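For reference, the chain that follows is the form predicted on its own, supplied as structure tokens.
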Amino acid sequence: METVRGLINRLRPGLHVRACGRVVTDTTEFMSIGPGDVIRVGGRHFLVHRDAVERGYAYKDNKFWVKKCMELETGEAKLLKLVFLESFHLSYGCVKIRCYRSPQKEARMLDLVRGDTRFMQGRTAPDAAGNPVRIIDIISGKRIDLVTAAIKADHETYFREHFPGILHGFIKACEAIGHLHDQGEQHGDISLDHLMREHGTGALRWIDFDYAYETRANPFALDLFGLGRMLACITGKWVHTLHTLGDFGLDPATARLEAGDFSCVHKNEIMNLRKLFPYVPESLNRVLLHFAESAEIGYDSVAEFVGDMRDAVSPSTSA
């Protein structure tokens, strides 16, 4: 078998690599694959730079099964997602929902959304052991919550000048999720770090499709809850809890928050944003309250959710 040094000399002459590793064809033991190794899959060779890292304000999560690589044949940066299986249950009151990773589901999704720029793009190829390796094009961009948080404006200025454009893009992103549901597919993990605004184009694009879940009442329930949380984030410029109000100069006592004003899923997050920002139209606030503890009815479909958002921002209904 050709060595890593031989591959680099042949495919990327002049490329400096501090230490050459081994050529890997079976990715089952992904923890042993590190910088300087080359993964050969799908007739291509991928030089591993490092493991992917997911970062938030208060956490850092190493994803040992996701490798940042260079495709030696093209020089392009790629993410290689290797097979990592896990499952767990989420509890919402007395309801338990089984969630799990499914490489096969993500592979199916990549085929479904090929050419649709509302989603990340990539392809799947089996390694020598038959593991479905997903080869992902890297999106250069910023997650949606960090986009809104980075806008240098007080909330009212943000809401009046920046929010309309952000909401317009978010509605289109929601319609993309509706398209998946129409095909019988879930996104599976709609979280704030999985909607990216792409540098250059400004387009919102969904990433990471390998989670799935099982619910009896509505197969898309968790996707809908995720979209509601995102709407609260972009409306509020951030996800608001009792602990963050001070950062925005807000007084919890003045807001007179009640238990029903908080999210029915993320119990510490405030959905009744009109109590914090009274210029948020009632029509838009009513959409948010579908996801609050006080809600008597939720959304059954993305189409309903999108329809109410459009109505909420139309001149004839917003108030």
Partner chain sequence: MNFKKILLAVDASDNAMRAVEYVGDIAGDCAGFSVELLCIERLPHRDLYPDEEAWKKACEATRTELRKFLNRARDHLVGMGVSLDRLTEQYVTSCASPFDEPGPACSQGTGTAQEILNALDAGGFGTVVVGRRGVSKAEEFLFGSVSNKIIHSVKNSTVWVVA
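Numbering follows the first chain given and starts at 1. Nothing here was measured: the structure is a model prediction, and the numbers come from that model.
Separately, the form predicted together with its partner chain exists; it is not shown, and the next lines address it.
When its partner chain is considered in the model of the complex, Gln104 lines it closely, a heavy atom lying within 4.5 Å. Among residues of the shown chain, His162 is not one whose heavy atoms approach its partner chain to within 4.5 Å in the model of the complex. Residue contact check for Thr74: none of its heavy atoms lie within 4.5 Å of its partner chain in the model of the complex.
In the model of the complex, no heavy atom of Arg118 sits within 4.5 Å of its partner chain. The chain is drawn here without its partner chain; in the model of the complex, the stretch among 152-160, 171-179, 138-146, 95-103 whose residues come within 4.5 Å of it by any heavy atom is 95-103. Here the marked residues Val53, Thr124 and Asp127 all miss its partner chain in the model of the complex; none has a heavy atom within 4.5 angstroms. The single contact residue among Leu204, Leu80, Leu222, Ala232, judged by any heavy atom lying within 4.5 Å of its partner chain in the model of the complex, is Leu222. Residue Glu214 is the only one of Asp111, Asp247, Glu198, Glu214 with a heavy atom lying within 4.5 Å of its partner chain in the model of the complex. Counting a residue when any of its non-hydrogen atoms is within 4.5 Å of its partner chain in the model of the complex, the hits in 293-309 run Glu293, Ser294, Ala295, Glu296, Ile297, Gly298, Asp300.
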